[in-house]
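For reference, the chain that follows is the form predicted alone, supplied as structure tokens.
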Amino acid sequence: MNVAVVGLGALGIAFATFLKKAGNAVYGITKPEYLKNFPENRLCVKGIWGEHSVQLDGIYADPSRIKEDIDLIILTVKSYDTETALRQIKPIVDKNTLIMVAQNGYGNYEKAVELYGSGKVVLARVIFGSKVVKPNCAEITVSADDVRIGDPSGKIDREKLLKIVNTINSSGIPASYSPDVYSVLWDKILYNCALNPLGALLQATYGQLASREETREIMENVIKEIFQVAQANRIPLRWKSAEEYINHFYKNLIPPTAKHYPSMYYDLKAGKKTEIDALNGAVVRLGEKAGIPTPTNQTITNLIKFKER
């Protein structure tokens, strides 16, 4: 398979390295100022899935330099760069190319569908942890579940989806087909909205947030508002009620990641922009659309934006 990975941060490096090591033709697309970080097109990965080093078939700032027909484009950029990246890849999207959105938050898949049509866009929920340890090297720190891959629109041939799943799975990244991938993605949005901004603001681990009554109350209010907003916008969730999800959240989701700090914490620490607009900020916008107040998500969004500046 000919693959282009857009965004060579922690997640992009992981996908590109494993897919290349498995024998696929893999190209990286990054910003011009980052090209110097990848001498001789080399990437590496270490961590719980072993140590691997590869040389990609090319790393470019301009996608039009890729002359091969691309079967799959994997979008791993931060959510605030999504629209720019989607417009940038237009020269390498032909009639047989599929775009796989593998990002955090709400709105990335929707933007890709708006620009390219639902029959071209695959959705992936990624829940393995990866961090950059050198400009061209990432470390896989934790894996909570398979990369779940599917087509919310139901327009893409199932065999094409299974080919993507099998290609990624056989590369060493656990992956599986998920017909309800949109609901699965919202599981992660719930988790991220409750934990990431609060952990970043308080410089606390997930376990610390769950251990105190004050922060538990805030997280539970975030979750309850999301359930109200999802119902009003007819967004399918896999849980019957906020209370059912909250029980699962504390019992099953927090313990394996109790010692982890959110990625948003590291973004703020490095003076980088965060993905708050695709998380709690998106909840606020969906609430406004449906006339549902979201005071907790609004407050958290405002506080993160203050810290960003």
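Quantities reported herein were computed from a predicted structural model and do not represent experimental measurements. Start at 1 and count along the sequence shown; that's the residue number.
Just so it is clear, the following notes concern the form predicted in complex with a further copy of the same chain, a form of the same protein that is not shown.
- Contact with a further copy of the same chain in the model of the complex, judged by any heavy atom within 4.5 Å, is made by just one of Arg87, Arg212, Lys155, Lys134: Arg212.
- For the candidate spot formed by Leu185, Lys188 and Leu237, no residue has a non-hydrogen atom within 4.5 angstroms of a further copy of the same chain in the model of the complex.
- a further copy of the same chain in the model of the complex is not approached by Ile13, whose heavy atoms all lie more than 4.5 angstroms from it.
- Shown alone here, Val93 lies farther than 4.5 Å from a further copy of the same chain in the model of the complex, counting heavy atoms only.
- By the criterion of a heavy atom within 4.5 Å, Leu198 is counted among the residues contacting a further copy of the same chain in the model of the complex.
- Contact between Ala204 and a further copy of the same chain in the model of the complex is found at the 4.5 Å heavy atom cutoff.
- Of the stretches 229 to 237, 102 to 110, 216 to 224, 116 to 124, only 216 to 224 has residues with a heavy atom within 4.5 Å of a further copy of the same chain in the model of the complex.
- Residues of 244 to 259 that come within 4.5 Å of a further copy of the same chain in the model of the complex, judged by any heavy atom, do not exist; none qualify.
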